[in-house]
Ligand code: SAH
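Only one chain is shown below, in C-alpha cells, and it's the form predicted alone.
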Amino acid sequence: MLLTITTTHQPATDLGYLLHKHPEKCQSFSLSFGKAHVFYPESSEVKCTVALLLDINPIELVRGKSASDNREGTLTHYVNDRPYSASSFMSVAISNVFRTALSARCKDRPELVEQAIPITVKLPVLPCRGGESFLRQLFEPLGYQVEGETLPLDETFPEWQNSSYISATLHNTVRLCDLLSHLYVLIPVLDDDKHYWVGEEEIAKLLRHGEGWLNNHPVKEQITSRYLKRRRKLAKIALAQLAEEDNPDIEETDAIQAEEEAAIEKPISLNQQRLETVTETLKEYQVKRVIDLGCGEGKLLCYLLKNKSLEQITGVDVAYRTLEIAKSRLKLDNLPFHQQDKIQLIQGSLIYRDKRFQGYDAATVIEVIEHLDLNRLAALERVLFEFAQPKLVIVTTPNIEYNVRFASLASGKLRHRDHRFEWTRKEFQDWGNQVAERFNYEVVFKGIGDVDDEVGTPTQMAIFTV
C-alpha cells in the first residue's frame, strides 16, 4: 500500500520540515496492523517526493478472531486487497505518522504551515466504489486536477475486463495540512469500508478533519454516509451538526440579534446578574467539573475560569465559528499551561447523545432551551438528564411575563428573534417538575434580576439535583 506526495515548491526540501521527517532518513513506525515506512525517493531543492509505504500482514489481522467474527468466511480474511490497496489503514497511518503536519503545526518553520504549495499525490492502487467519476466528484470541488486510470483485473486476461481499482494522481496548490485532511477522510470514502468498528467518536473525527470544506462539499451526504460505514443514525447526527454550523451571514445575523437582546436587558445588567448567579450556585454546590452546554461565545466560561476551585471546564456549541469567538474571548492560546489544561471547547449538538458530555459534576444550560423548537426539547432532556446524568443541572430561560416591563420591547414580541418560545413562570415550573419526576431529580426554582411583585423576575432559573 503506497502513497507518494511530491512538491516543486522552492526549496522543495521544505516538505521535510512540514512532515517532521528528514529527507535523508528512512523511518519505520509500528502500527496495530503492521508497519509504516517513510522515505524520500527523490530530494532536491527543485523537487522532493515523500513515500508512505504500509506493510500489512493479512494473517496477523485475523489472528485471535473467533469463528463468530468471521462472518464472510475464513478465506476472505486471508486473501484480500488490504496489503496493497489504499484504505482506512492508510488514513490511520496518516494520522499517526504525519500527526504533526495533519494538525497544522511546524515548530522549525511555522510560516510554512499556512503556505499553499504545489503538490502531486499518487495512489497506485485505490479502491473506488463508484469509478473514476466518483473520484472526480470528491476531489475536483476541492480544487484538484484528477487523473485516474482504471486497472484491469489481470493484464494477461483482458477478457476479464477492468477491476474496481484506480491508479490515481491528484494535483493541487494547497496547504499540506488540508491535503492530509482530504486524504484522511476521502480514502475510506472511496473504498466504502473501514477495517475497524465505527462508533459515535467517528463523528467528531469527521467534523474535525472536514472542518472548512466538508460543509460546502456538493456530495457531503455521500461522504458522511460512507465515512461512517453507512450507519444511518451516525450519519444523521453528523449531517445535523454540519447543517447547524453558522455561515458568515447567519453569524452576522445572530450577532445583530444578540445585540438587540442585550440592548433590551441592558438597563438592569441582566446578563451579568445571570452569570454571577450561576457561578455562585456552582460554588455553593462545590462543583469540580462543569460542562456548559450551548456555551456560545464563552461569556459564562470567562466567569468560570476565574473560579480556582473548578478543576475541569468544558464548553460545547454546535457552531464552530462561535467556538472560535469563544477561544479568542478566553485567550486560550495565551493562558498559562495549568489553565489551558483546565478548559476545553468542543463542537457538538445538544440534541444527540454524546459520550463526551458524561462524567461531569454539573451542567449549565444558560439561555439555551428557548432557542430550540419545542419538538426538539425532549431530545435535549434525554441527552442531559438520561445519558449525561450530572449531579447538578442549572437551566435559565426568560420569563415572558416580565417582557411588559421592557420599554423598548414591542407588545407581543419575544426578546430575541431566534427564540422559539418564552415561558411564563408556571409553564417553566411545570416543565421542570415533569423533567425532575421523569429522570429522578429534585428541582427548585429561583429568579434572577429585579423582583416585580406582579410579573416576577426577568430571568427564571431551575436547579436540578440528584
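The structure displayed is predicted, hence computed values, not measured ones. Residue numbers here begin at 1 and follow the sequence given.
Quick note: we don't show the form predicted together with S-adenosyl-L-homocysteine, though the next part is all about it.
A.B. asks: Considering non-hydrogen atoms and a 4.5 Å limit, which listed residue (H371, K122, K236, K327) is close to S-adenosyl-L-homocysteine in the predicted complex?
C.D. replies: Of the listed residues, the single hit is H371.
A.B. asks: Exactly one of D191, D178, E367, D354 has a non-hydrogen atom within 4.5 Å of S-adenosyl-L-homocysteine in the predicted complex; which residue is it?
C.D. replies: The residue from D191, D178, E367, D354 that makes the contact is E367.
A.B. asks: Only one of these stretches, 113-121, 165-173, 345-353, 96-104, has heavy atoms within 4.5 Å of S-adenosyl-L-homocysteine in the predicted complex; which one is it?
C.D. replies: Residues of 345-353 come within 4.5 Å of the partner.
A.B. asks: Can you tell me whether I394 touches S-adenosyl-L-homocysteine? I mean in the predicted complex, with a 4.5 angstroms heavy atom cut-off.
C.D. replies: Taking the distances in the predicted complex, the answer for I394 is no, it never comes within 4.5 Å of S-adenosyl-L-homocysteine.
A.B. asks: Is there a heavy atom of G210 lying 4.5 Å or less from a heavy atom of S-adenosyl-L-homocysteine in the predicted complex?
C.D. replies: G210: no contact with S-adenosyl-L-homocysteine in the predicted complex.
A.B. asks: Residue-level contact is defined here as any heavy atom of the residue lying within 4.5 Å of S-adenosyl-L-homocysteine in the predicted complex; does V287 satisfy this criterion?
C.D. replies: Because no heavy atom of V287 falls inside 4.5 Å of S-adenosyl-L-homocysteine in the predicted complex, the answer is no.
A.B. asks: Given that S-adenosyl-L-homocysteine is not shown alongside this chain, does T314 nevertheless sit within 4.5 Å of it in the predicted complex, heavy atom to heavy atom?
C.D. replies: Looking in the predicted complex, residue contacts with S-adenosyl-L-homocysteine do not include T314, since no heavy atom lies within 4.5 Å.
A.B. asks: Taking S-adenosyl-L-homocysteine as it sits in the predicted complex, which residues of 294-317 have a non-hydrogen atom within 4.5 Å of it? Please list them.
C.D. replies: The stretch 294-317, when checked against S-adenosyl-L-homocysteine in the predicted complex, contributes G294, C295, G296, K299, D317 at the 4.5 Å heavy-atom cut-off.
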